[in-house]
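First, one chain by itself in structure tokens, the form predicted on its own.
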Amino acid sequence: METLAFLIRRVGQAVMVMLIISLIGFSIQDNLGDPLRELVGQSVSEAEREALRDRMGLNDPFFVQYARFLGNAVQGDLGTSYFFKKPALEVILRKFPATFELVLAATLIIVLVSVPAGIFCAIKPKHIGARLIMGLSIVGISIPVFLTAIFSIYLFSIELGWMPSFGRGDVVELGWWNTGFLTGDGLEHLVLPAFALSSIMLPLFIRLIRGEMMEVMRTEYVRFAQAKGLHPRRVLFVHALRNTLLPVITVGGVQIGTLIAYTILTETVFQWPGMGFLFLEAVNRVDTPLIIAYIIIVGLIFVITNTIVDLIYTYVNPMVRISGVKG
């Protein structure tokens, strides 16, 4: 019952958040230019334009247009792209696999590097390696992602010639999904963009894990476990790391979600054919339906990510009741 109540509460919150996001996204369309300009150009007379505006419902009151938009949105219709002449949702979903795989690869790099590095810096804070890692993390936090991307292209593509500098490489079609994970060329093209994208969160995660681990190691239950003579690895990975991961999951899950927003810069530098690159093209073309569809899809991903993080949190820490503070 507690799990069901939690899910119902989360669904209700998700619906409210999505309504707000859709309202904000729909509200900005009037500031992006006249949609008729993209549809009919400049050669159509003003009378014809006005008649077309009436047929499209552009002269209706704002909330009438918004209600019509919501009615179509719940049926999966987010409008038709002016440039591609296809449903905006379909265009976005065609680019989604590229962005998802980029974010997934960056997330794997963050997890596989930050956890051991953070633990090492916590248990051996005076070691020269730990000091080097912490120093590099400060530098990493200070450098914008587009500079990391440009520098990595210059070093690994231009100077050393190890990695390709742009594009996605060869992909394999699996139904409507296309993946570069199954080809060597696709993986080579993924390395530099994933590294650049991970550089945004990697220093933060290292410092977060280090700080939490050092605090947990000073707690009474860890000292008690050490006094009982338990193996140091058991104390570290069973007692200390488990409790270290609680705030990391809470903060980290939200931060991982923000990687989707940062893909705009990364995909632009590497010409990665994902949703972020598509969004910038839509802005340049004033493709309003595509812009609104992108905002709603990204907002939906954030909502789903936060819900999954809350579910994981309750499993990692069974003492937290679903209907309690985390609800």
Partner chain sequence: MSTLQRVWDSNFAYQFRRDPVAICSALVLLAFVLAALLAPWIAPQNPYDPLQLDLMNSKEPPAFGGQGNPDFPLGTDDQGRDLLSAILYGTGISLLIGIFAVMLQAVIGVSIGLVAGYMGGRVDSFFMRLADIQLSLSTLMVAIIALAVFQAAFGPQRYEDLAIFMLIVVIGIAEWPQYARTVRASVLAEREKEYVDAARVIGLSRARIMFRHILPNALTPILVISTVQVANAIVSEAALSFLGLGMPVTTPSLGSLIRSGFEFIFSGQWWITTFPSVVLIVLILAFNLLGDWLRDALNPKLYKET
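Positions refer to the first chain, counted from 1. In this text the structure is predicted, and so the values were computed from the model without any measurement.
Missing here is the form predicted in complex with the partner chain; even so, the following discussion is about that form.
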Sort through Leu93, Val191, Val111, Ile150 and report the residue having a heavy atom within 4.5 Å of the partner chain in the predicted complex. Ile150
Could you check which residue among Leu204, Leu246, Val254, Leu182 gets a heavy atom within 4.5 Å of the partner chain in the predicted complex? Val254
Could you tell me which stretch in 103 to 111, 133 to 141, 169 to 177, 191 to 199 has residues with non-hydrogen atoms within 4.5 Å of the partner chain in the predicted complex? 133 to 141
Within 4.5 Å of the partner chain in the predicted complex, do Ile28, Ile295 and Val298 each have at least one heavy atom? yes
Is Thr307 close enough to touch the partner chain in the predicted complex, meaning at least one heavy atom pair within 4.5 Å? no
Whether Val17 contacts the partner chain in the predicted complex should be assessed with a 4.5 Å heavy atom distance threshold; does it? yes
Using a 4.5 angstroms cut-off on non-hydrogen atoms, would Thr258 count as touching the partner chain in the predicted complex? yes
Evaluate Ala51 for contact with the partner chain in the predicted complex, applying a 4.5 angstroms cut-off between non-hydrogen atoms, and reply yes or no. no
